[in-house]
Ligand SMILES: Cc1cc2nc3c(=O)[nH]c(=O)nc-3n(C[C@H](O)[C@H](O)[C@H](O)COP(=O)(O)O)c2cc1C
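Presented below, as structure tokens, is a lone chain in the form predicted alone.
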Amino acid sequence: MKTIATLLDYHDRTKHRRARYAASLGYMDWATQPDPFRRYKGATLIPLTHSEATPPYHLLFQKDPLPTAPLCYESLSQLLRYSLGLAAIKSHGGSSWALRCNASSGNLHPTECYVIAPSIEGISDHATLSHYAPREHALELLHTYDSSLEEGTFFIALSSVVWREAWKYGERCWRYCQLDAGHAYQSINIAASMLGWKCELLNVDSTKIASLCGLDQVERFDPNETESPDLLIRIGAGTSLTLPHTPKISYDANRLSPAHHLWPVLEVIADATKGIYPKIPPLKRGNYLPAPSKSSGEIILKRRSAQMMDGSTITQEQFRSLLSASLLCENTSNVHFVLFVHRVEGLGKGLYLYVRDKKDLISLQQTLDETFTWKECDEGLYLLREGDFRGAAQMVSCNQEIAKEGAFSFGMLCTFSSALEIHGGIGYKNLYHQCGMIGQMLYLEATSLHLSATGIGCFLDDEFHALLGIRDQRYQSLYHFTIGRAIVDTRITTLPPY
């Protein structure tokens, strides 16, 4: 019960409200801006290769997987390139910055990636623990194991440098770190599909992830820049859960900032959300298959977070494709969409609910405003109330116009209290991961439809809940999103990433 109380306290104190946003500095302390790239001084750097030959995007989602690629130097390089690598370099006014394949709040990228692989020619004759360095598209070799790993199968561990997000977002930043971990997982899942590889989240204790990657060797990190273990992923057809033992690692992490502003609640929520990662019941994906399109690699590299939308209309077919594509994230059965529909051909303006898992329909009807109409428009899609909700969409999105200028925007409404009761602290973490997975999937689907998307982490939690008539903790919104057509800033130059 103490853990649940801690979670609810953090969740409440980090809500944005009209009169008071969650605690942060309130300004950008540019002198302490974190380095977005983690490196380990002295570790051997193994450059990876680049490949532009990738299968068509729509084939990644067919019921029968693509032919399985062998685990080798080239295939591992491709997986990392199209999941966590750089997508482009942007330049304007004498400044330049990198964009990555995986979306991130504020482009701050707290997520770090560690690869635990068997012997691979071109990398090592032994099983290895490596850190992925996206700027160089290379592996930093941290340790070689005497014991072998299952052939054709490897592991990826994801962790968060919470300080990178805390620098800008203060206490609310932990939420964004978890969304980013979900984005990163789905990026890896998509890139694995390109190679015909199975990608599986493992139900292991977070302390094992920390031990495996040496993250519990805190003396190797600046005390304010330690990494929090998030996810362990098994890729390949293997079934082994035997993880190697990682002894003391010889390489220290680089320091990311010269000084730090501390937010003590972040350590509290990190401790409260440790545990064995939950197994989420699979979601029924339906028969949806994206229309034939460009190469998957091209779509991944073109994904962007729109800064402004042009207020144009999309077709109902595009709208339905986006909703259906969200079901391709099979580990996300706790998430539903509350939609502000502004400009969708053949669909009236209004407030809608997309029920992604029918098991929650009755519960949702009992929880939301009793005056809602619940008119079924299509499978899983219900009209709650007709009308122009552009102003409401902008208001709940911290007054950001992009929420009303998209064709539609929505909040991801999660089965909240039950997830906490069943899974405890790690269940709270997992809900954000689910939302991030869906967000990454929708980014790619929007890109394939020649549309644009933006994740919105800044929203007024309780104002949104009040709009829906929510008076308890059964459901909470954890991530918002908008989709439409972007206005491109032509002053910004796009350069190749490598």
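Throughout, we count residues from 1 along the sequence that is shown. Just so it is clear, the model here is predicted, and its values are computed rather than measured.
Just so it is clear, the following notes concern the form predicted together with the named molecule, a form of the same protein that is not shown.
- In the model of the complex, the named molecule lies farther than 4.5 Å from every heavy atom of Thr373.
- When the named molecule is considered in the model of the complex, Pro36 lies well away from it, no heavy atom lying within 4.5 Å.
- Under a 4.5 angstroms non-hydrogen atom cutoff, the named molecule in the model of the complex lacks Leu256 among its neighbouring residues.
- Within 4.5 Å of any heavy atom of the named molecule in the model of the complex lies no heavy atom of His336.
- Stretch-level contact analysis of 220 to 228, 396 to 404, 236 to 244, 185 to 193 against the named molecule in the model of the complex, using heavy atoms and a 4.5 Å limit, identifies 396 to 404.
- Shown without its partner, this chain lists Thr273, Ser104, Thr415, Gln78 as candidates; in the model of the complex, only Ser104 has a non-hydrogen atom within 4.5 angstroms of the named molecule.
- Screening Leu327, Val341, Leu99, Ala419 for any heavy atom within 4.5 Å of the named molecule in the model of the complex leaves a single hit, Leu99.
- Applying a 4.5 Å heavy atom cutoff to the named molecule in the model of the complex picks out Leu179, Asp180, His183 from 170 to 187, in order along the sequence.
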